[in-house]
Ligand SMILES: C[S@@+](CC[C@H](N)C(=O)[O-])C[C@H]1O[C@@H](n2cnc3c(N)ncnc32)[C@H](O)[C@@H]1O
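This document opens with one chain alone, in structure tokens, the form predicted on its own.
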Amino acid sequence: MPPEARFDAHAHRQMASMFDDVSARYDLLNRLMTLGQDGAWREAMWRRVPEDAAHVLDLCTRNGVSLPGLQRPGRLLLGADVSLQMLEVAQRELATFGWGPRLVCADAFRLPLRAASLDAVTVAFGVRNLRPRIEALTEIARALRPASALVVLEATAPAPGPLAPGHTLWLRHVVPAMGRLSPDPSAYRYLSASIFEFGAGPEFERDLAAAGFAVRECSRYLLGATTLWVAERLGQVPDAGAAGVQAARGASGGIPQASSLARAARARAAEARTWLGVQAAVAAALAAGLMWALMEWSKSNGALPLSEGQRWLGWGLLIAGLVGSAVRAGWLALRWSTAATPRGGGG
């Protein structure tokens, strides 16, 4: 099968074959090509998923790298991909029992879900592989309930500007060169070409609007090399009847409710706020101790048998420690004062 066939419409077989081939070194090359930042970007994606989302799909999940951050007690989490070998890697590395994610081999154009059965969908570095894109987004919109969230993290092409030549050089030459570490170097030549085909972002936002989404947030990382979109599913969907996703049940047999997820979210937020307060208090105490040490130093350093250089070193260490501790205490106190317990709610 020629590599250029990967750009065909509905090329799920070509995509599955390509990702099967690169599954062994997928994470390593991701780290190299993103300069180690892909983990932080995925964390940003996780934070955009509402805490009370009870049914969440991570589409184009690959080896499940995005799934752990989406897991919540009471949440039914699905990971879907066309590559069986990638899903096998995910199966080996993830706990898929209890509230663990459920993995499914599925085509993004024909999701095995009823209409309005999902509360959120995430897609990390996969939406550019879906052609025609509007058709794929329309299928995602069908599976989402109104007012729910689609969160997309994607590599984007260079936008016009002074940084464009360096970004272009990286994509056209460095990324394919790194692909030589892969069992299928052509996959990374495809990666480079697909990013240019995807565009710098405005094209994708037009596709989102055409599929019934409204962009609520657009954040760019690494000088525009990667973009995070949060879009809201607009409009109405036909009556779907029973839930399209089989909800995991607890010992009581009841289906997890959004209110219980929201309570759990508030408990986690309260715990995080308490920990921020503890850290701020420790930093403030350290700053106070260093202030006392600095005052004592100013009184007694002249009587100590030290050289001039050692005296200046003492001043520098104490002042640097004091400033650093005071700044950290202030920063943590600000975070503590602005941290709020989430109320929960829709996407």
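Quick caveat, the model's predicted, so the values are computed rather than measured. So that there is no doubt, residue numbering starts at 1 and follows the sequence shown.
A second form of this protein, the form predicted in complex with the ligand, is not displayed here; the remarks below concern that form.
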{"query": "Which of 271 to 279, 181 to 189, 198 to 206, 79 to 87 sits within 4.5 Å of the ligand in the predicted complex, heavy atom basis", "finding": "79 to 87"}
{"query": "Partner-contacting position among G74, G212, P158, G126 - heavy atom within 4.5 Å of the ligand in the predicted complex", "finding": "G126"}
{"query": "Answer option from A108, A141, A193, V175, heavy atom within 4.5 Å of the ligand in the predicted complex", "finding": "A108"}
{"query": "Non-hydrogen atom contact L57 with the ligand in the predicted complex at 4.5 angstroms", "finding": "no"}
{"query": "The ligand contact at L130 in the predicted complex, heavy atom, 4.5 Å", "finding": "yes"}
{"query": "Contact of R25 with the ligand in the predicted complex (heavy atom, 4.5 Å)", "finding": "no"}
{"query": "In the predicted complex, R335 touching the ligand (heavy atom, 4.5 Å)", "finding": "no"}
